[in-house]
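Below sits a lone chain in structure tokens, taken as the form predicted on its own.
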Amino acid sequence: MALIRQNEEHLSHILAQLIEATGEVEIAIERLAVDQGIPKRLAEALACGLDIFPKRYKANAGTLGSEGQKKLLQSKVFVAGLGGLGGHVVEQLVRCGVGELVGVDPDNFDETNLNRQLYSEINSIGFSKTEAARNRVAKINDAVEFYPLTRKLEDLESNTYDGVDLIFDCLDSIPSRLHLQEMGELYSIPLVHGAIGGWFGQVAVVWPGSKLLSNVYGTKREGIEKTLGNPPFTPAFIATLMVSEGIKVLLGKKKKENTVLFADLLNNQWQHVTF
């Protein structure tokens, strides 16, 4: 990555020549990636640096801008949990063009996942959630590099967090959430937290050192989803809010504050609580 940044001006010049010669941005990007031996996502980032959007990101242009899209393509995000929240989070991050994704989940799909988990289908029952996510990512955006880790969060090596810019907490275990908060603090990585139960959900950005999740959960060790369950619309909605917050963090547009958004979808009520 550092070497590519050092040669960015040179590679951008080559890409501009290829675009002029071929008349097609996508063809030029593919050729640059092959000829120069660089990841396709970085070739796409170079195009954005020239203020030229690959077609797959053109609908992002008015919102993210070329520099914003370039930043996302150069970013690495860690998603813990690939179920109800995590599947929707991965889907949106891939379509936004986040360049590298680490997906962690030790579980396989079962019938109880079919009502809400995006990558769960009849034919995927018994198969790992990480592989389902990897296959889905490959079908949507071949420039995104997805690293599946079919292991418990607590069993991961410390170097798993190397180069990670942002963590998404899509877990259903409070002890695991608190462990993830510790990892974010240890490696100075901001964390986007999401939790759901029935009609209700919550979203927050946990800044390193804030101990926000510790303050939110206190001594609790089980969430309300254990009794309320989860319908399909709540995880989809909360995951969307999580991705919106995460994109703002990656682009430097998120104010640092220790606030949790609580959403009541039954009564359409929203509350921001500062801890």
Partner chain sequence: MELEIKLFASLRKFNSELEKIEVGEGTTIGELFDQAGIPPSEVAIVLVNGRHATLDQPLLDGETVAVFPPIAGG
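Positions refer to the first chain, counted from 1. Being a predicted model, the structure only gives us computed values, none of them experimental.
What comes next is about the form predicted together with the partner chain, which does not appear here.
Report yes if any heavy atom of F237 sits within 4.5 Å of a heavy atom of the partner chain in the predicted complex; otherwise report no.
-> Output for F237 is no: heavy atoms all beyond 4.5 Å of the partner chain.
Even though the partner chain is not shown here, does E26 get within 4.5 Å of it in the predicted complex, heavy atoms only?
-> The answer is no: E26 has no heavy atom within 4.5 Å of the partner chain.
Residue contact check: S173 to the partner chain in the predicted complex, 4.5 Å heavy atom = S173 belongs to the contact set for the partner chain.
Examine G184 and determine whether its closest non-hydrogen atom to the partner chain in the predicted complex is within 4.5 angstroms.
-> G184: no contact with the partner chain in the predicted complex.
Residue (of Q202, N141, S120, Q74) lying close to the partner chain in the predicted complex, criterion heavy atoms within 4.5 Å | Of the listed residues, the single hit is Q202.
L228, I38, L50, A61 - the one with a heavy atom within 4.5 Å of the partner chain in the predicted complex | Of the candidates L228, I38, L50, A61, L228 is the one lying within 4.5 Å of the partner chain in the predicted complex.
Among 50-58, 218-226, 63-71, 30-38, which stretch has residues whose heavy atoms lie within 4.5 Å of the partner chain in the predicted complex?
-> Of the options, only 218-226 has residues within 4.5 Å of the partner.
Thinking of E131, P232 and L241 as one candidate spot, does the partner chain come within 4.5 Å of a heavy atom in every one of them in the predicted complex?
-> Spot residues vs the partner chain: no contact at all.
In the predicted complex: members of 250-275 within 4.5 Å of the partner chain, any heavy atom = If the 4.5 Å heavy-atom criterion is applied to the partner chain in the predicted complex, 250-275 yields F262, A263, D264, N267, Q269, Q271, V273, T274, F275.
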